[in-house]
Ligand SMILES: C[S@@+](CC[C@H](N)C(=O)[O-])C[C@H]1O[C@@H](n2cnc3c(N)ncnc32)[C@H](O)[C@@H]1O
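Only one chain is included here, represented as structure tokens and corresponding to the form predicted on its own.
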Amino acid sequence: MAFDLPMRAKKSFNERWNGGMGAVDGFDLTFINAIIQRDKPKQVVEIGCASGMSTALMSLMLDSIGGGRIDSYDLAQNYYVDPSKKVGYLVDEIAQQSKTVVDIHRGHTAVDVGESWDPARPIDFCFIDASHQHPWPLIDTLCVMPYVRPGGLLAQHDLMMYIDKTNKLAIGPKMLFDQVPQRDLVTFNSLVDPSKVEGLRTRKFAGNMFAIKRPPQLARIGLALSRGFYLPWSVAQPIPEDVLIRVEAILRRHYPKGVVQAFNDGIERYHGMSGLTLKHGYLPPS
């Protein structure tokens, strides 16, 4: 499937991208652009903004189909590679004249999305590129998916990071990928021919992204994905108790009891490994 990246986006990307900035590369951009050009989303949510490279370039992609809105969430206030810069600083550099509205929610994560989301304004496309430690990509996906329209896609970055020996904890996207039912999975190669990604700076490998299609009912997909909670967690720092409680509440609100049970069992099984201690023990099962 061939969808040309808007020329402004291509030029802005090539002028700024380098492999050390933790941003999407040319292969990834081509995958995201194929989704945007094909599905024509108007409301996009991003989890993990960092420099704002993907945020800014998605705004230019949306401009090419008539504009839209991006809400980007990032726990940090400053860009982790260069703390002298604010999270999302490239949005002002690249997309200041974009007709797409961009709102950066610093100090917020996927857990916060549903607290203020208007059900009358469903998410058309979600791009997740936050913590890659397991089970964060799974948590982010389950927290946002209830607000995505049926048929909308949730794309995950850095699928291939698990093979990088310098990122031994970044196994979350792969753990999630392995739980996705085939009928709900959109692979990189199903949308992009890597040999035809021309004129863009890239890493040495393609296939670093995949997407999950949001089915009409959440029960089946939720139960399938939640099996990942039973696999060893790779968090370097304990997940705070208040965050676990909030995640549990989201899962309880939108998914079957089996999803909540898997989450609680994962906490009971793995929080000792990460040094996590909860004041009242692990969260009670449904």
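Since the structure is predicted, the reported quantities are computational estimates derived from the model, not experimental observations. When you see a residue number, it is the position in the sequence shown, counting from 1.
Below, we refer to the form predicted together with the ligand, which is not included among the displayed structures.
For the interface check, one of 216-224, 34-42, 47-55, 248-256 should have non-hydrogen atoms within 4.5 Å of the ligand in the model of the complex; which one?
Answer to the contact question: 47-55.
So which of 76, 160, 197, 186 reaches within 4.5 angstroms of the ligand in the model of the complex, heavy atom to heavy atom?
When the ligand is considered in the model of the complex, the option within 4.5 Å is 76.
Report the residue, out of 109, 100, 208, 179, that has at least one non-hydrogen atom within 4.5 angstroms of the ligand in the model of the complex.
Contact residue from the list: 109.
Examine residue 127 and determine whether its closest non-hydrogen atom to the ligand in the model of the complex is within 4.5 angstroms.
Yes, contact at 4.5 Å.
My question is simply whether residue 136 lines the interface with the ligand in the model of the complex - judged by any non-hydrogen atom within 4.5 Å.
Heavy-atom contact with the ligand at 4.5 Å: present for residue 136.
Can residue 132 be called a contact residue for the ligand in the model of the complex at 4.5 Å between heavy atoms?
Within the cut-off, so yes.
Test of understanding: in the model of the complex, would residue 24 fall inside 4.5 Å of the ligand by heavy atoms?
Result yes; residue 24 sits at the interface with the ligand in the model of the complex.
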